[in-house]
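The chain below stands alone and is given in C-alpha cells; this is the form predicted on its own.
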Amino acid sequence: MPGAGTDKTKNWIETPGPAVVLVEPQLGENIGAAARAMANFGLSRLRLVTPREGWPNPRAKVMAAGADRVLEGAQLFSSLADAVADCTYVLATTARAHDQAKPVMSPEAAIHELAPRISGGEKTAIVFGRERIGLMNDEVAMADGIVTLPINPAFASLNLAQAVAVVSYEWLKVTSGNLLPHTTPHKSPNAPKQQMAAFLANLERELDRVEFFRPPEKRETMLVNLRNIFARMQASQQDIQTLSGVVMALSDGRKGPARGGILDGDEAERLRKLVAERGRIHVSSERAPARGLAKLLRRNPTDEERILWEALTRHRRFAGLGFKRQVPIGPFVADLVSFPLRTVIDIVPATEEGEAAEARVEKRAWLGARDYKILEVAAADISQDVGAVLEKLADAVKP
C-alpha cells in the first residue's frame, strides 16, 4: 500500500462522468497534475486539444504520480469543435465575463446539471482553457453554460490543474452523496456515569493526599471545575480506564526499572564498592556474568551516575558520539564508554581505599594498554555542578 492514500488493492471508480477537455495546455506538468486530480475524484475521460509541447509528454507522467490510466486513455484532437463533437451538453470554465447570454453557475450547480444528463446516457464535457489566457470568446460560444468560482477578483487566475481539481472534487462530492472514505472509529463505548463517578472519587482522594485543594474554601469550586472538565470530554470507557491507571501510577510513584532499579542512591554506592573490592569479573566464554553484572549496575545507578547520564543524553554536543553506561569491557565494567571514540568516563567516588582503589588502578591500566582514553570525573563535582562537568567532557572528546 504505497503512498499516502494510494491503495492498489481497492477498485478504481468506474462510474460514467463528464469528459475533461484541456484546450492547448502549455505544460506537460499541468496535464499530469490535472490527470492526477481527475483520478483522485473518479473522472477518467481526458481530452487534449493541440498541447503546446506535443503528446505524449514524459513530464505529464511524472506529475500524474500514478494516474497512468487517465493519461493512457487521453484522446488528442486538433480543435475544440472536434473534441466536443459527440457531446450534447458542454460547460466552459472561465474567471472572466465574456458578455455572452449563457447560464453562469458554480461548480456544484454545474455538477447538479451534468449528473442527470450523464445518468440518462448523454455525453457531456467540461472545458478548461490555456494557462496564460484561458478560453477565447468563440470557444466559450460553443458551450451551453459557464462555470466559474467565487474567487479573489484581484487575483482570479487559477492554475489549470487546480481548476480541474476543484471541479472534479465537486463531481465526486455530489455524485457520492458527500460520502467520506472513513469515519472516526468507536473502539470503546462512552463511559457510564457510574464509572466516571468512581474515577472522580479516586482522583479527589489522591488530590487530597497532596493537599491540592487550597485554600480550603475553594475546594467545592475546584471540584466542580474538575468534574466539568471530564464531562466535556465525553470520555469512553477505555479513556477512563487509562486515566485511572495514570492517577494510580502517579500516586504510587516511580518503582522498579522506572526509578532506576530497586536500590536507592546509598545502596547503589555500596553495590559499586562491593564490585570494586572484588576486582575483576570472572568472564566465561559466553560473557554471561559480565552482562548480568552490567545490567544490574545499569538498573541501579548512583545519584551521580543518574544525574550525569540524564544531562549527557540531553546535551547536543554529545549527540551521536555513541556513549553507553555500565558496559562490560573485557574483565571490567565501564561507567560510561564510547566505543567509536574509544573513550571511557570513570566516575570516582568521594572516598575509595584499599582493594577498591587498587582495582580502579588496575582497570585504568588495562584500558590504557588497549588504547582507551580515560576521562576521570569526581562524583562530588557532578553533584555540585553537572553543567561544568559536561563542558569539560565535551572539550575532552572534541575531535
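Position 1 is the first residue in the sequence shown; the rest follow in order. Because the structure is a prediction, the values reported are computed rather than measured.
This next part talks about the form predicted in complex with a small molecule, which is not shown.
When contacts are judged by a 4.5 Å heavy atom cut-off, Phe128 counts as touching the small molecule in the predicted bound form. In the predicted bound form, the small molecule lies farther than 4.5 Å from every heavy atom of Arg316. When contacts are judged by a 4.5 Å heavy atom cut-off, Ala110 does not count as touching the small molecule in the predicted bound form. When the small molecule is considered in the predicted bound form, Thr148 lines it closely, a heavy atom lying within 4.5 Å. Looking at 307 to 315, 207 to 215, 150 to 158, 70 to 78, the stretch with residues near the small molecule in the predicted bound form, meaning non-hydrogen atoms within 4.5 angstroms, turns out to be 150 to 158. Proximity to the small molecule in the predicted bound form, defined as a heavy atom within 4.5 Å, singles out one entry of Leu179, Ile133, Val224, Ala197, which is Ile133. Proximity to the small molecule in the predicted bound form, defined as a heavy atom within 4.5 Å, singles out one entry of Arg96, Arg117, Lys295, Lys102, which is Arg96.
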